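Single chain ahead, by itself, as structure tokens, in the form predicted on its own.
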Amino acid sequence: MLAVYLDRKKVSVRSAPKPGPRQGFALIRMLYGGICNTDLELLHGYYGFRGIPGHEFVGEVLSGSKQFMGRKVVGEININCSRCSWCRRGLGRHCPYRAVLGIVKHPGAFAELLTLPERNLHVVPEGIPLSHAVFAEPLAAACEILEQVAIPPASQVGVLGDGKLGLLVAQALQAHGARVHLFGRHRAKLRIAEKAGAVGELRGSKLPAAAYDYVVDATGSPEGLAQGVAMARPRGTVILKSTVHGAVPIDTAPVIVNEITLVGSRCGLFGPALELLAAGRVHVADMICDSFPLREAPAAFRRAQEKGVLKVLLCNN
């Protein structure tokens, strides 16, 4: 089978062995895969990664139980042990023995075929276009904020960053009933969130100071944390969604003096994300900038790294 391979900051397409059968796992034909910022960070050296990347996907189950055979599915990316104390508490995403699809100890979705435990799979509801379903994983990460932080409806929330995740966060929080102000540098991107009711703000050199009880950093930059802290009111909460390769410097004095709560936020539940997609409350079609056949993955990764580009898809259908 064909598979995308990252090695020493290079992208190639290689022939790889077909995944073998494994108890409790489904064999899935990838239909669409989405290149995200984490994939680009892996390319640049994050985790010292070498192998098949990709964790945003929608596919068709080729072998598995009757429940999933022939169904179109998306999948949660953390492959946990299901036995430890974290797993028993329903927090398998923190299982110390976990593998992570396309990131840690499990080949990713950017291949003709992939495997995942059936317990990780979710059937795509009728009516969601498959190219939209590929957003289930990052949208679940956006929805995770609401699992971690009790944000009252009508609260004003500042979201930093108008990239892929920032747009999904802004739309998910707006759908929850928050009054979202999205700060970014691209008017065309801000309009996507504005369709969902958020207020888009073209940011300049200065950002509002001590203006929000809740701030989300989705800039993907080392500066985002300090900017978020500066935008938060005393006893406010800053939610960190940016995955940045390398150390992030931060002056802790404002955090301590203003008693700011910092919340790291990663993967989320797929149920709320699929509900938002099925209801059409998140505008993802406008976020798709380009698509490439799997065999043209090097060109797709180059395109995904261009300034201002949002979602680039890999296709295998």
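From 1 onward, residues are counted along the sequence shown. The shown structure was predicted, so the numbers you read here are calculated from the model rather than taken from an experiment.
Keep in mind that the form predicted in complex with another copy of the chain is missing from the display, and what follows is about it.
Undergrad: Answer for residue 278 alone: is it within 4.5 Å of another copy of the chain in the predicted bound form, judged on heavy atom distances?
TA: Judged by the heavy-atom cut-off of 4.5 Å, residue 278 is well away from another copy of the chain in the predicted bound form.
Undergrad: Though only this chain appears here, would residue 91 touch another copy of the chain in the predicted bound form if you measure heavy atom gaps against 4.5 Å?
TA: Yes, residue 91 sits close enough to another copy of the chain in the predicted bound form that at least one of its heavy atoms falls within 4.5 Å.
Undergrad: Hey, in the predicted bound form, is residue 105 touching another copy of the chain, heavy atoms inside 4.5 Å?
TA: No, residue 105 stays farther than 4.5 Å from another copy of the chain in the predicted bound form.
Undergrad: Taking the shortest heavy atom distance, is residue 67 within 4.5 Å of another copy of the chain in the predicted bound form?
TA: Contact with another copy of the chain, no.
Undergrad: Just one of 242, 174, 115, 120 has a heavy atom within 4.5 Å of another copy of the chain in the predicted bound form. Which one?
TA: Result of the distance check: 242.
Undergrad: Considering non-hydrogen atoms and a 4.5 Å limit, which listed residue (206, 83, 187, 235) is close to another copy of the chain in the predicted bound form?
TA: The residue in contact is 235.
Undergrad: From the candidate stretches 121 to 129, 106 to 114, 226 to 234, 187 to 195, select the single one in contact with another copy of the chain in the predicted bound form, where contact means a heavy atom within 4.5 Å.
TA: Among the listed stretches, the partner-contacting one is 226 to 234.
Undergrad: In the predicted bound form, which residues of 250 to 269 put a heavy atom within 4.5 Å of another copy of the chain?
TA: Stretch hits, in order: 250, 251, 252, 253, 255, 256, 257, 258, 259, 260, 261, 262, 263, 264, 265, 266, 267.
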